[in-house]
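Okay, here we've got a single chain as structure tokens, the form predicted on its own, with questions on binding and movement later.
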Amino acid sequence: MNKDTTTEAPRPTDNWAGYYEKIGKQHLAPLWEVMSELVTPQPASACRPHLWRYALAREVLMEAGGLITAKEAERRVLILENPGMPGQSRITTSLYGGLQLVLPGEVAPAHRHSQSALRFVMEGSGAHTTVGGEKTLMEVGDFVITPPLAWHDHVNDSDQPMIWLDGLDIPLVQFLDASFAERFDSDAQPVSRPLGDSQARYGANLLPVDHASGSVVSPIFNYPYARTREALEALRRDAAWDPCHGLKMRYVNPNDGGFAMPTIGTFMQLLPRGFETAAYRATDATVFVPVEGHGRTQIGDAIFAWGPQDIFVAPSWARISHSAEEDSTLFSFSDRPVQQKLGLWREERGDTAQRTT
């Protein structure tokens, strides 16, 4: 049966007003008045396509650096507000995005929270973040994880500003009413593991012989861009280009091969020069960040020309197609792991049938 399961609200009669007033006093409401808004034939998000020019965002972010210190702010961040959801601190319906600045000599104080966080480094070199007692250096294009309730602080002991994109599941955790947070008793936590420890233990296609972690978060918390780019370049030799994605890989948890984070899926794709993808849409609204190259992306009726470090968002079930003017790499993140766990994720590839996993 192909008929939509939702219908318009029935027309009220004269005697309904009194009935609605009566049931309202008992904190009851008629489903038939809102059924078509609650159960929609397809996603009906307030999320809108949008692109943030990095150069313009950087200018006002650096201005903030002269107004408030990293310590005063705790996190000096400009929120990327989706224009369809102003004032809600959301870049998509379920995810938060922001640009964070740590100036030379500054420390963003140690704290921890229930929310999962990713850092995607946009600018700078040599600063570090410490997560759960291990320090890692941050370079452009690196994808860094902060697991839920892991102590973390950021220190810029380089001579240049460090800027990265924060992606968190704040709206999702807020919806579930499961937020906890606390400050550490000093600005920087003690380092208890040597530099590169997690990469050596878990990032070389090896696991310690007695490793039996059931953690849903990857034990690797820094995925260096240099290594990711090398892998993409090696894979392109087979020229196995996906019509909708070019060459797209996902970051994984070596414990189980699943997503690196339980609530946020992270990806990197390569689009060769002149490549134009077939139209594609999926239920996971997605945030994209070009790392290299220039191109254009159509999202629904909107067309965005992009370059390195620009940020753009595609809403749920909006058709997307990319066109690369030169070899280009795009980092992206979405709530796909949650949707797949719940059996909700759906995609449509060009003119082919819808497919779920």
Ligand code: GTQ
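Residue indices: 1-based, along the sequence shown. Given the structure is predicted, the values throughout are model-derived calculations rather than measurements.
Quick note: we don't show the form predicted in complex with the named molecule, though the next part is all about it.
Shown alone here, residue 236 lies farther than 4.5 Å from the named molecule in the predicted complex, counting heavy atoms only. Heavy atoms of residue 75 reach within 4.5 Å of the named molecule in the predicted complex, making it an interface residue. The named molecule in the predicted complex comes within 4.5 Å of no heavy atom belonging to residue 229.
Looking at residue 96, you'd find a heavy atom of it within 4.5 angstroms of the named molecule in the predicted complex. Interface residue among 127, 173, 268, 168 relative to the named molecule in the predicted complex, by the heavy atom within 4.5 Å criterion: 168. The listed set 201, 111, 193, 250 contains one residue whose heavy atoms approach the named molecule in the predicted complex to within 4.5 Å, identified as 111. Residues with any non-hydrogen atom within 4.5 angstroms of the named molecule in the predicted complex fall in just one of 240 to 248, 203 to 211, 146 to 154, 253 to 261: 146 to 154.
Contacts with the named molecule in the predicted complex, taken as any heavy atom within 4.5 Å, map within 115 to 130 to 119 alone.
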